[in-house]
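Two forms, one protein chain; structure tokens for each follow separately as structure 1 and structure 2.
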Structure 1
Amino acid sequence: MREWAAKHRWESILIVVLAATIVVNVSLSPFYLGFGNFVNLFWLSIEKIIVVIVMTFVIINGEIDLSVASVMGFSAAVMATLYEGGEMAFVLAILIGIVAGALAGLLQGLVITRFGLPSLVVTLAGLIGFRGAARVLLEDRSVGDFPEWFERIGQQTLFGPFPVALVLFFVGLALAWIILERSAFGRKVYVIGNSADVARFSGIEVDSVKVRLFVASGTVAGLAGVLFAARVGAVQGTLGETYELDIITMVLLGGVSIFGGSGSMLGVVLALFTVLNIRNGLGLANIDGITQTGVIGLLLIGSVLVPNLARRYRLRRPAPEAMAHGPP
């Protein structure tokens, strides 16, 4: 136990924070403990946390994808525009929407690897560009009135009390966990994140891994955009705006280094649970939106400060273990 805690410092801290959050929530609101609320807690942020899974890979790989929220909006806008045209089977419109997300990811991945440009800059352009495309497609309209079965996907339950998107999230999470921490591909993601040059000399196809991650990021963002549309029953050009911040916040809070090369899926899951529980608890306690934003902001500052200060402190002491960046 103590050994595990020493090896997983950040995860241990998160467990304590999460436990404290739950205790505070229980004491603040009698409505917190309840199965319905537990489902709502995930469901209200489901699109964000689905994208968090893939963002974890991207950041561990030493890159960042600021365009995810815009790609969500773009995919949903493509789907809505095709649907509105009325010529096409809606299923096809959904698929094309998601493929549009994948292509957005592919384009950015290729620009980053072929031209050696920083992903921060390229995906910032993507953030602006794909949002612009979504706004151009939909102008100022709100497209809704989707077929009933589509809205049911977003709003009704599939297995027992779980909406489809929630099932997708947990299945995706399990798969991602295995791929990141138990597969050769996951190992490459860490190695590249630690040093792309070392990875290249070791014969790892760095560019290919990066492009595949950006395609995955675009695809998942596209899927999340479609799920968002199904959940709220309407698509606007602003769909998902600023979500990239919440998504990246959860990944960083999970102890994933913004410099790449380190972090664990467990940490991210704990961070995600913590953020969702804090939001839910504050909401149920009728704390206003401004304070909620403030609390999450403080949490973010803490999450980037603490690990970096700790790392600096550890690096000053010549302890060999301090250099170990990889997964457990």
Structure 2
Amino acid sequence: MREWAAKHRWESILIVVLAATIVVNVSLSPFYLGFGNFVNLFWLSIEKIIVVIVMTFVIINGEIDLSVASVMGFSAAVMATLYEGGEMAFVLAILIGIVAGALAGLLQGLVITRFGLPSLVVTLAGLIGFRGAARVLLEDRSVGDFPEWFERIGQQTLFGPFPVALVLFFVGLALAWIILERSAFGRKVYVIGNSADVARFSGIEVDSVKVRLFVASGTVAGLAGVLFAARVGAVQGTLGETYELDIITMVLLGGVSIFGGSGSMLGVVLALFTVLNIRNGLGLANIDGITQTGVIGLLLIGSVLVPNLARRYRLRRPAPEAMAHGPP
């Protein structure tokens, strides 16, 4: 156990923080430990945690995608607009909406790799652009009245108490862990995140990997937007607004370096549990949504600041051998 804690120091800290959060939440409400509350904990944030899976790959690769929440809204808006006219089969509208998300990711990936622009700048433009496109498509309207079978996907359970989206999350999480930890593609993601130049000298097609990751990010964001529409039964231009804050916080709090090249799916899952429980606890304490967002923002700052301060301390600290020999 000690060896595991020493090897997974950040994950060990997250376990302690998560345990403390659960203790506080139990004191806030006797209903917190109910199984239904745990299912709702995931259900009400399912779109975020689905996107967290692919965001983990993007950030380990040394990039970032700030546009995911806007792409969610854009994909859902495309689907709703096509369906609203009544001239297109709803299944086809869903597929086109998800493809729109994939194309958004492809566009951003190509701009980043072909022009050498920072993903922070490109996806920030995407955040604004795709959100604007969603608002143009829907204006101030709320489009709903979807087929009953579609709303059942988002609002009813599939296996026992588990909704379809939650089952998709667990399946996606298992696949992501296998790809990241046990596949050649996962190793390429880490190598590129550590040094793109070294990866190129090693024969890795760096641009191809990056573009594929952004396409995956856009596709998953598009799927999440469709699932969000199924859960709430309507689509507005503001769908998923500010979700990128929680998504990125979960990844960075999980120990994934903002500079790329390091991190684990285990840490991200622990961070995911932690953020969801913190939000749940703040809700139980009747703290408003704006304050909750502020708390998550502080978590984001801490998840970037603390690891970097620890890294600087380790670099400045003299090696044990040097301390043993003393000054020259």
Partner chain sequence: MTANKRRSRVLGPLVVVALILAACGGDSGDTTTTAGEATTTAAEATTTVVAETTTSAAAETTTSAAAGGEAVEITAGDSITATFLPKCTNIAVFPQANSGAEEAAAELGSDPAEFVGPADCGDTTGQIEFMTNAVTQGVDAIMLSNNSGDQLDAPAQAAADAGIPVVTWDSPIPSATGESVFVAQVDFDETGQVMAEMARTILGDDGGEFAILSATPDAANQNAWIAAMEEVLATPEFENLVLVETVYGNDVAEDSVTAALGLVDSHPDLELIMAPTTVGIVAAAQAMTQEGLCETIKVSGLGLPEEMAPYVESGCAPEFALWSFVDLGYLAYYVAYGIATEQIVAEEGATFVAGRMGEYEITADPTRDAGLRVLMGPFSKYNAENPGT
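Predicted model, so just to flag it, every value in this text is computed and none were measured. Residue indices: 1-based, along structure 1. Take the two forms, find the largest set of C-alpha atoms that superpose within 1.5 Å, and that set is the rigid core.
Only structure 2 of the pair represents the form predicted on its own. Pro30 is not among the residues whose C-alpha shifts by 2 Å or more between structure 1 and structure 2 once the rigid core is aligned; its shift stays under 2 Å. Here the two forms are laid over each other by their core, and the C-alpha of Thr291 is off by 4.4 Å between structure 1 and structure 2.
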